[in-house]
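Here's a solo chain for you in structure tokens, the form predicted on its own.
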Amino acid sequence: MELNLENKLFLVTAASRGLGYSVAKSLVNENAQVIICSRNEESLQAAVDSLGSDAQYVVADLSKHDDIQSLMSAVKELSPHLDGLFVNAGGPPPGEFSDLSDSEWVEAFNLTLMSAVRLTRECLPLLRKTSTPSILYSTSISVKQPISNLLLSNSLRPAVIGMMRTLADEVGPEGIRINAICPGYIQTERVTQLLSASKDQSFRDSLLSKIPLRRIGEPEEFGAICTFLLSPLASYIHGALLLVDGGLYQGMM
């Protein structure tokens, strides 16, 4: 299926590896151009080397306002417009309520919510200069179903969804599409480490038994869905929240 992405430009954040990289790779495979960012330049260089000549990188820590400003200055030097934005950031650290300090709450707030706010604010003027603009926020199944020991994620990711749904009403009349995607367990380095840390095979078995497809998702599957949602073929999908979890979430809504 032709996604009509040739020569279109996307900013994909936190994309030196993991889910962000899978999205950047899928976009490049569809002949799009990507600008990626993360905090580690060595990882970014390796990612760009793998992605090829249609990828460029900028070093940026998305939890820092100044870094986002610098990122966007670099993007504007490369192009006067953007066709799409994939908003992604590393998940906040685990912990229960009694374990978390004020500073950890503030750091998670800046990383999870304010990065999305600031990136959106900075990118909207560039998105208004193209004919098929789209924004896709990467969150988590935790916005629908809280995950034990992930209080920060459970608390702050739903705020991104609230922003997405409200902003969809505000900019929809301009033709700017905005959606969110909520992955379950995808076979990234982080999930691999989580499963490896448990020496009890019953942990993995228990996890898989809760997923109707009886397997963990592949990054390529996630990247393909995100690429479709960012593409002009998804032209009437707006304000939506899509689960990519193999059926793990059992709720009706």
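The first residue of the sequence shown is number 1, and the count goes up from there. No experiment lies behind these values; they were computed from the predicted model shown.
Although not depicted, the form predicted together with a small molecule is the subject of the following passage.
Enquirer: Quick check on this chain: which one of L85, I178, L152, L111 has a heavy atom within 4.5 Å of the small molecule in the predicted complex?
Expert: Checked against the cut-off, the match is L111.
Enquirer: Every residue in K25, H81 and A234 with a non-hydrogen atom within 4.5 Å of the small molecule in the predicted complex?
Expert: No, because K25, H81 and A234 lack any heavy atom that approaches the small molecule to within 4.5 Å in the predicted complex.
Enquirer: Within 4.5 angstroms, counting heavy atoms, which one of the listed stretches 207-215, 59-67, 223-231, 25-33 is next to the small molecule in the predicted complex?
Expert: Selected stretch: 59-67.
Enquirer: Within a 4.5 Å heavy atom cut-off, is P183 in contact with the small molecule in the predicted complex?
Expert: Yes, P183 is a contact residue.
Enquirer: In the predicted complex, does V48 come within 4.5 Å of the small molecule, counting heavy atoms only?
Expert: No, no contact at 4.5 Å.
Enquirer: In the predicted complex, does E189 come within 4.5 Å of the small molecule, counting heavy atoms only?
Expert: E189: contacts the small molecule in the predicted complex.
Enquirer: Is G90 close enough to touch the small molecule in the predicted complex, meaning at least one heavy atom pair within 4.5 Å?
Expert: Flag for G90 set to yes.
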